[in-house]
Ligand code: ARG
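There is one chain below, alone, in structure tokens, taken in the form predicted on its own.
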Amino acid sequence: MKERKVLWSGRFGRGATEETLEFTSSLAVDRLLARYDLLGSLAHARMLYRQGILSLEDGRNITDGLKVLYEQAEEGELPIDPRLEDIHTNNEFLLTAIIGDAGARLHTGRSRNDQVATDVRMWLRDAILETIEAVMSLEHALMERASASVNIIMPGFTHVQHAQPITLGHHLMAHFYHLQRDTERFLDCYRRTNISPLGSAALAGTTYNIDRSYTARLLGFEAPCANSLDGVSDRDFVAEYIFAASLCAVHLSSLCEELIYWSSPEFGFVEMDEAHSTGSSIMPQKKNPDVAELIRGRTGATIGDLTNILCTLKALPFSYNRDLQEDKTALFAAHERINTCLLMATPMVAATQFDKERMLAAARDGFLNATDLADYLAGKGLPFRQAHAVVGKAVRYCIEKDKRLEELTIEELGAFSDLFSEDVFDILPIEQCVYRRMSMGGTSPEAIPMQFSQGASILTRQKDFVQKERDRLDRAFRQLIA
């Protein structure tokens, strides 16, 4: 059997067993970092010969070799050896095979500890931008549907019970603002991720006269980390991204839960598009909202990723521990899962059909205008708590008589309070209950456009940030490999 090659064999006589090497290998996961590992190495090599730590000849040989490997990685043709323990080992051995002994000088002044931390941060920057774009697409879809639904009246719920009438546009914008906060969390995470640990070495820094600000600048980082011990052990940014992804998944689950039960015959509020539904193997009539159900179901796995990383980080002493190798499994899985769910949720929301007649009919049941009736009495001078009690009695009377509040006569209403007069019938229609809620953030068709304006401004700002960061990183990397 061909002997495995490692970067640390000098200290060992007999060496680790095949089972140990297989168990400790991270290549199955960290091969996703190949591109970023080569970019980080290019920046490190440029700094080393700029600082005179490497000769100009060695520096040029190393950078030329790294560029060859980078091109192969970009084309998906990097010859990764599965017997090597990680992507960093692969890249170093590949480089040495191309340029000879000069390749063995690349690791001067750095450790795999700061190397992998730098790679993960670079990968995560791109991942965050991808996730933000996916969230924005769903935000846009929700706003489009909301803007076409400002006059569709439906029941608003508390405790999954009819509460007050609202518009569908108002309801969908509530989901928009859930996602908007998710985007802001990802943006905050991006800022804290965009710090370079490169040059922290194993934990204590290095005796070489390196320039960490230069490598940070080459790689598009905002700045180098301030403490080398923290630089190699910090995985807060990983946990923070997974938390933001988990909360976003919870918000998606809430949206999907509503669409699922709204699509049932008992509600009949929505018709899920066939493109996002499946049938039954035994019941020919079935049309199941499987996409929404799977998004809801995968929320649990995303929360599991968060639990995974938090438990991994719990009680770890400074600085680097091999436990941190496990961070990428949770991180990569969370990223793949949340992005896939977002990209499925967007067309699902865009294609869902809402039954405005069914929604309006449902809003007419359940005494959703009771609060308005209490407000009417309060406006006549009755303390609201007493008005609340009066209307509660009127509701009980209606239940006994199988009537709606708006169907009561002025004489029937007068039995509960002498403050009622004919103008009460102006405020009882469900439509009026909606139209009169014009307070900022309210459900009135006149109030919702302000939410659209604010939402559009938010989306523009988010889109501009993502585009500027993509352009900035692209320029940095093009210059680095030039």
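Everything numeric in this text was worked out from a predicted model, so none of it was measured. Start at 1 and count along the sequence shown; that's the residue number.
One more form of this protein should be noted, the form predicted in complex with arginine, which is absent from this view; the next part is about it.
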| query | finding |
| --- | --- |
| Interface segment, criterion being heavy atoms within 4.5 Å of arginine in the predicted complex, picked from 268 to 276, 247 to 255, 112 to 120, 163 to 171 | 112 to 120 |
| Touches arginine in the predicted complex: N61 (any heavy atom, 4.5 Å) | no |
| Partner contact for E240 in the predicted complex: arginine, 4.5 angstroms, heavy atom | no |
| 4.5 Å heavy atom contact, R145 and arginine in the predicted complex | no |
| Non-hydrogen atom contact D86 with arginine in the predicted complex at 4.5 angstroms | yes |
| Single option in F332, Y320, F176, Y376 placed near arginine in the predicted complex, where near means a heavy atom within 4.5 Å | Y320 |
| Answer option from R296, K328, R337, R105, heavy atom within 4.5 Å of arginine in the predicted complex | K328 |
